[in-house]
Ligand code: RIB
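Starting off, we have a lone chain in the form predicted alone, written out as structure tokens.
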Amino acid sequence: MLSFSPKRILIDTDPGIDDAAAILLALASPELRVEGLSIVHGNCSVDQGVTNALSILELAQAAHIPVVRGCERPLVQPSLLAPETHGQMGLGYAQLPPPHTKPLSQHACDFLIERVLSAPGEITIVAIGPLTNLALALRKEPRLAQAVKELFIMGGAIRHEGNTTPLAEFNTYVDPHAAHIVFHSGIPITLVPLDVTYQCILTEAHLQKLDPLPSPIPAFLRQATRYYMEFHDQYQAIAGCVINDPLALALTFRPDLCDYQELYVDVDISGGVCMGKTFADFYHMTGKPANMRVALGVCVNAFLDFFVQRIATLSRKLLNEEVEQEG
């Protein structure tokens, strides 16, 4: 009999609404073993992000997973948070109980270095926030680049318009200098840009499939995404909400959900209207070799159905565990 070994991952995140959905998807997926959450500024402050991460893990009965606090501001740019998109606390209208667990005292950069170097070639990093933590870790310990198995980044907009400026996607715009460091680090990268994530719209119909489950997880997702849906409707004329981060997470073990192209990709850090814009050399004009694999097409319905099914499975699993404990 073949033995099954889940993929070991670290999630570097700024826990807003779609980050929370990605964390829950990871916990719902036996293909993955989540070994830690490193928190960065972005959708909310880093301190609020730590609280959100701990509360989400407790909601999913996964409080054993370590959480570490990372960088509270970008490398060069002024701080930019997103309360208009994710709410003042980062999780929309959802209100989770204050966590009982505490973060580790270690800084996220040191945590990433220690965990990856302790198992070279075995750890996958899923970066679904600004890349400040990872960039600083690479500057502090250059060996990290050769030790990471692979890196999945939710960020950028290649042929798609920006969602923070007319040209730039949020995660990349918030810390473009960090993105520049990471893009050119030599780590095997899969970039998951707005080109594919903005096709994946979670709707009321998807949430209704989860409503019959008497679990706190569907209730949390409904309360959180209601705020997100209101934002998308008001500012982007989208009926539903875009769940960027869960797609990046899913591709760690379901690469079939997207089509890819190997490309040389860079980010503009020169300032002005193009600041934070990611661009790809489709016609080999620069003569530079590809530095990442870019997701450019997505099986939308397959991904959304998969996401809903996994959240439903996690909800039932936790309900069954509660019944067994009470029995």
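As the structure is a computational prediction, the values presented were derived from the model and not from experiment. Position 1 is the first residue in the sequence shown; the rest follow in order.
Beyond the structure shown, there is the form predicted together with this ligand, which is absent from this document and is the topic of what follows.
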| query | finding |
| --- | --- |
| Interface membership of residue 183, this ligand in the model of the complex, 4.5 Å heavy atom rule | no |
| 4.5 Å heavy atom contact, residue 137 and this ligand in the model of the complex | no |
| is_contact(residue 154, this ligand) in the model of the complex, heavy atom dist at most 4.5 Å | yes |
| 4.5 Å heavy atom contact, residue 170 and this ligand in the model of the complex | yes |
| Within 4.5 Å of this ligand in the model of the complex, all of 39, 115 and 132 (non-hydrogen atom) | no |
| Contact stretch among 71-79, 215-223, 240-248, 95-103 - heavy atom within 4.5 Å of this ligand in the model of the complex | 240-248 |
| Position in contact with this ligand when the complex is considered in the model of the complex, options 194, 125, 91, 178, heavy atoms within 4.5 Å | 194 |
| Contacts with this ligand in the model of the complex - residues in 39-54 whose heavy atoms fall within 4.5 Å | 43 |
